[in-house]
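The data below hold one chain only, encoded as structure tokens and taken in the form predicted alone.
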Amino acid sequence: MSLQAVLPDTISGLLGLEGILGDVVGGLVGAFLIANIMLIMTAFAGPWAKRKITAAFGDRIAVNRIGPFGLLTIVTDAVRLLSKELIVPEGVDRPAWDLAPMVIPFSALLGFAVIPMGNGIQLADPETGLAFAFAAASIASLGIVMTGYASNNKFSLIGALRAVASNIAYEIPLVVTAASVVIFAGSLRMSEIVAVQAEPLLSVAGVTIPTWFAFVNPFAFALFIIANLAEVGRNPFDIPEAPTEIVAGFQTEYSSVYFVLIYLGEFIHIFLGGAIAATLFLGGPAGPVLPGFVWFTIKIWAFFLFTQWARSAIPRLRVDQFLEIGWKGMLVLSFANLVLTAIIVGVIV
């Protein structure tokens, strides 16, 4: 049982629907609302916020001509990209080439189905919610491989192979580090992981510090953030695209609406990575004074800002360095953290 009513139950109750019809309508409406919330955030993040943040790091102005603070650049960029001709290169594997740009954003949106975003704002709360979130996010790797294979372009294929190598090298440390949180929480259910972190850890000068796992195990939090950065493909781990090396990597042969879908998928994955990190280590939507959804939004945008800082401040690693850090560094440290966590929890319990 969920610790709180999930969003479809609330919607079906408001509409006065019961049974299977209520479950179906509530689920569809809830999925529509959550998907649109994330798409709106992504629309702000990609065409506008990314440029503003990068410009601030480089002491530049960035977009400011269209609308207040340049916000209408979001609309003009959408019109510009969607109105471009969709160029289909010769020799592409058309079914896979067409499907790949849809798989990438869909996998990220699917992961949000189990993320608790606030009081009652959660589409589903299964017992294996954390495993579902990781599994859904991993589907993007299939889409990236499809783009590389189907594009009939050597740069696209190299980018896809790099993405696979990246996912194998860093997804294992990511999941193993998350497993250390599961040992603390005693559950894979997302709502229960959040609930455990709501308990007080200690009190300093009358201020109660919650049991956020970022406070309990900051080493695991650092490992997770680094591995997460590699998973979403931001500097210094953006080797699947690497514009100065392989043109645009796996997305080299895509234009118009297909490019928009891939670009959209990348940024939704950044927000999904931030959402999983916030749920596992930062108490999910928990926070003082402000509503839970506001705190959840602040936390995932903080992760987005961190990825843009890394993009602007840290140079890209070589492929051999990238893989060596993953296999010889992150993997060893993540298993060491898991074993140490198991020992500590075993002794305390």
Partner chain sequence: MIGILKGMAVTLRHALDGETFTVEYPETAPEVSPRFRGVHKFSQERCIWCRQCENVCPNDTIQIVQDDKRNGEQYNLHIGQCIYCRLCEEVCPVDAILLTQNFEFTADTKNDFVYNKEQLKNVPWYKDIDPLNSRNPDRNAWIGEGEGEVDYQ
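Only a predicted model underlies this, so the values are computations on that prediction, with no experimental measurement involved. Positions refer to the first chain, counted from 1.
The form predicted in complex with its partner chain is left out here; the points below concern that form.
- A heavy atom within 4.5 Å of its partner chain in the predicted bound form is found for exactly one of 39, 314, 302, 290: 314.
- Residues with any non-hydrogen atom within 4.5 angstroms of its partner chain in the predicted bound form fall in just one of 41-49, 276-284, 23-31, 63-71: 63-71.
- Not displayed here, its partner chain is kept clear of residue 295 by more than 4.5 Å at the level of heavy atoms in the predicted bound form.
- Using a 4.5 Å cut-off on any heavy atom, the residues of 43-61 that reach its partner chain in the predicted bound form are, in sequence order, 56, 57, 58, 59, 60, 61.
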